[in-house]
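Before any questions on how it binds or moves, here is one chain, the form predicted on its own, in structure tokens.
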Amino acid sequence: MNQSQYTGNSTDFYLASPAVAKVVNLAVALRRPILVEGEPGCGKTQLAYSIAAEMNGERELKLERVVKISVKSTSRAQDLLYRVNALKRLQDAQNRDNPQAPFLYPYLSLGPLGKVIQSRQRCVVLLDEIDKADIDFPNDLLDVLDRFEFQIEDLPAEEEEDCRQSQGFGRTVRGDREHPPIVVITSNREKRLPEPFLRRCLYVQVKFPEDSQDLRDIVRKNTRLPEGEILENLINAAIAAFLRVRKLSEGSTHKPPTSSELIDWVQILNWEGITPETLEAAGHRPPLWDTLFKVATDLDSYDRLSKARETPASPP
């Protein structure tokens, strides 16, 4: 690997571990998709933006942008590549004077991934939450992500030249295999992905950073709080209190709070004028602890756990 390396710590909004940065560099060198898993709120999506921001302008990569494709339960792989506006064609067919209706190519357009491949501009493609789609979705993308080319089977051969002249592409759309997009795929593990798809990816697990210094850097990168000793003491006390809450909630809640909740919580504490001394004395029920949870059952579970932890045991 003789090209510039992703470090994971050169942006003002994201911090990736050295292990994650290494896998990213290997995936770029191997031209493999990066499959990113981890609990919600731990920064999976932001990894793609971090890669683009840090590597943009590098001589060997020259990344242009992030193309985010939010996957839904109804998503089909073909829609990412190309679409046929059958409804518009049907409407035009009602007009006998419309010269386009007998042909398919005027109603053909490229989808977001198809445009990336056809444009041959290097960028980061983010397939966000791929596990939401049907199992056929990742399977149908296997060859496309391997070769960065695809066939438009719906386009009749006799219309190919007209389509090429008017739309800029024919039945075969080919990308630049020597300089392909960097593909980042996120998953929340809602369902198991097919084995052939997994074999084609390099895997990254984004873990919650337990180190206080890493958490401090994340908070600082993602908030616009002013500098100062008082605020630094607040951040330090908030992180210590947050780690107590997270440790107690692990294994007992559906979604323990992660760095996303920490960032918001620190800002809330600052707005409310909470002092470091209050946080340090609060134990497992720090001020506004309920804003760290997003599910009613988690709120109830942590409420019971923290009350039991704070209540002294009765003498025998």
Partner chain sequence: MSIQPGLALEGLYLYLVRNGFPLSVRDFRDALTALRQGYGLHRRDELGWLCETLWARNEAERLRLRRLFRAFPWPEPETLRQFAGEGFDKESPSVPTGEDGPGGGPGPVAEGEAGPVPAVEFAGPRESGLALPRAVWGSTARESFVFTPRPPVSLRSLIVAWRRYRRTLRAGSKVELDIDATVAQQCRSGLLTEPVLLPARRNQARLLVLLDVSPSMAPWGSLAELLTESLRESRLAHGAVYCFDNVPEDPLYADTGLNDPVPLADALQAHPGYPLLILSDGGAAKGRSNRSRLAATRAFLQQGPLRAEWQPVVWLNPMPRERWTGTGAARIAGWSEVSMLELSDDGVVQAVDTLRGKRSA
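Owing to the predicted nature of the structure, the values given are computational and were not obtained by experimental measurement. Residue numbers count along the first chain shown, from 1.
Another form, the form predicted in complex with its partner chain, is not on view; read the next lines as being about it.
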item: Residue contact check: P194 to its partner chain in the predicted complex, 4.5 Å heavy atom; value: yes
item: Non-hydrogen atom contact A93 with its partner chain in the predicted complex at 4.5 angstroms; value: no
item: D211: touches its partner chain in the predicted complex, heavy atom cutoff 4.5 angstroms; value: no
item: Residue contact check: Y203 to its partner chain in the predicted complex, 4.5 Å heavy atom; value: yes
item: Joint contact, C42, A240 and E277 to its partner chain in the predicted complex, by non-hydrogen atom at 4.5 Å; value: no
item: The unique member of D162, D79, E232, D146 whose heavy atoms fall within 4.5 Å of its partner chain in the predicted complex; value: D146
item: Stretch in contact, per heavy atom within 4.5 angstroms of its partner chain in the predicted complex, of 151 to 159, 127 to 135, 212 to 220, 111 to 119; value: 127 to 135
item: Stretch 24 to 53 - residues with a heavy atom within 4.5 Å of its partner chain in the predicted complex; value: N25, L26, A29, L30, R32
